[in-house]
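Next comes just one chain, in structure tokens: the form predicted on its own.
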Amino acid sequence: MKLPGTPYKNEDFKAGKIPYVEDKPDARYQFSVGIAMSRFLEELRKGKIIGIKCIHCGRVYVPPRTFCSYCFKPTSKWVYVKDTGIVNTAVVSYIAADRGRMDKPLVVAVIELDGASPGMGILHKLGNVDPEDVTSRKIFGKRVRAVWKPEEERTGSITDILYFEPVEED
């Protein structure tokens, strides 16, 4: 089956028929995260987690979004949620963000935050967790809380939360 279009050929590049840049250009750009994520990141800098509620069906989204994926209506009511929650799922990773191999594993989890709708969660690191507790599934369903950077070090990034750690249940 032949796909539509004309494929590029190496000889076309070499002959200069197709313009391209061989090395990295000195390109500078700015990226806007939009209204919902901008507010979310601003609140993280303050040490708070904010979500947004759909006034039609009542779902609370964290991270916030501008429309409800359940009833397809615009979301509009900002609500603060707690920096505590439960571990929905987790994984042990030996691969760093730059795709390099790590000697010490990183534990990453989806945290369902208290105050957000069921199934809503954020992906973040777990700290003070034995990787064996992940592989044996002991950490699943456990309560955790956010460990924040000191206020003067926060920048309005998800990394303002250093990690989530287990908390003793009452």
Partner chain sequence: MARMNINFKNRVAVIGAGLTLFRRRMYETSRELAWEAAKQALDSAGLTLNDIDAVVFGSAPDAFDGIHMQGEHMTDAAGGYMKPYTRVYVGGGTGVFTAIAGWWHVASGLFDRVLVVAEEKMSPVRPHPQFVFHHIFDPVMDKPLGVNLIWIFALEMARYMYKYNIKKEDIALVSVKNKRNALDHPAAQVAAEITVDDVLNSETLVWPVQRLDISPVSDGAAAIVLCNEEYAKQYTDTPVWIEGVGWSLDTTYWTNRDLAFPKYLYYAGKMAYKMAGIDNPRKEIDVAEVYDPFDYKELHHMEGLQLARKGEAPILTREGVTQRDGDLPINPSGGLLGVGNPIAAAGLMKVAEIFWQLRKEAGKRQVAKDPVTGLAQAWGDLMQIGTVVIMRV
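Residue numbers count along the first chain shown, from 1. Under this definition, the rigid core comprises the largest set of C-alpha atoms superposing within 1.5 Å between the forms. Predicted model only: the values in this text are computed from it and were never measured.
This next part talks about the form predicted in complex with the partner chain, which is not shown.
The closest heavy atom approach of residue 155 to the partner chain in the predicted bound form falls outside 4.5 Å. Of the heavy atoms in residue 137, some are within 4.5 Å of the partner chain in the predicted bound form.
Contact check for residue 39: no non-hydrogen atom falls within 4.5 Å of the partner chain in the predicted bound form. Interface residue remark: residue 125 is counted as part of the site for the partner chain in the predicted bound form, having a heavy atom within 4.5 Å. With contact defined as any non-hydrogen atom lying within 4.5 angstroms of the partner chain in the predicted bound form, the contacting residues in 90-122 are 90, 91, 92, 93, 94, 95, 96, 97, 98, 99, 101, 106, 108, 109, 110, 119, 120, 121, 122, given in sequence order. If you fit the rigid core between the shown form and the other one, you'll see the Cα of residue 12 move by 2 angstroms or more.
In the core-superposed comparison between the shown form and the other one, the C-alpha atom of residue 32 has shifted by less than 2 angstroms.
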